[in-house]
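In structure tokens, one chain follows: the form predicted alone.
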Amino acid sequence: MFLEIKNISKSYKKEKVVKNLNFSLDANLTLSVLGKSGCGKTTMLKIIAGLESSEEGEIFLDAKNITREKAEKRNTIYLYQEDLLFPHLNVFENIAFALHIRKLPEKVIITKVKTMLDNLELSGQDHKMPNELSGGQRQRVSFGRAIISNPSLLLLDEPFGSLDSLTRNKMQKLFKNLSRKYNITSIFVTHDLKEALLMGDQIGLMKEGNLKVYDSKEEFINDPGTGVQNEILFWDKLKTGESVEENNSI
């Protein structure tokens, strides 16, 4: 397994917010983690990224124990809902930032960034400043800046949560395409049931600090506790004209 999480736990003020996490993820796959706000999703991501420490357990990435490694040494990138672009840098320089830090030759940087701009569908936008971009464009730039540095693991914390539904759909498709092109291994956290199913090769459900990773999407769909069956029933009733009540059991 490319990523292995073993017995990870975390408490705040004697309250356990992450409880005995155990799961693994193969390379080049995306694990969707579904759960309500406050269930421990963000804390889990921050522990894996090295932004928070765990009280017990171990984290292995590409067969290396990174449990005590500093965040900057893990080759993981954590993407927030906010794009956090550098406001004083244009699109090109935002995406090229990590390549400049690594002191790559200028010709190599230009080639890599131009290719990334094409893949992000941002060709011709390279000289724009962040405040001249739409929300979806800013998120694309954020993705490009993260992916171009070739991280071992990408950690996404509800990255499309602030976008309107149309832009969100476009970003979901874009991320799936980028994942294939750049062989991305990622954990994608969301509270949206449909998004979790769309984005993940594997899927997990987090409740009160406990994470269950399902063997297949079929198992997830058929588990009454995930809310999928309620969702199906809702739309079936709507089609037949029956009265409906939204029931989210997640």
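Values in this document were obtained by computation on a predicted structure and should not be read as measured data. A residue's number is simply how far along the shown sequence it sits, counting from 1.
Another form exists, predicted in complex with a small molecule; not displayed. Remarks below refer to it.
At a distance threshold of 4.5 angstroms between non-hydrogen atoms, residue 40 is in contact with the small molecule in the model of the complex.
Residue contact with the small molecule in the model of the complex: residue 68 places no heavy atom within 4.5 Å of it.
The shortest heavy atom separation between residue 64 and the small molecule in the model of the complex exceeds 4.5 Å. Using a 4.5 Å cutoff between non-hydrogen atoms, residue 15 counts as a contact of the small molecule in the model of the complex. Of the candidate stretches 197-205, 212-220, 178-186, 31-39, only 31-39 has residues with heavy atoms within 4.5 Å of the small molecule in the model of the complex.
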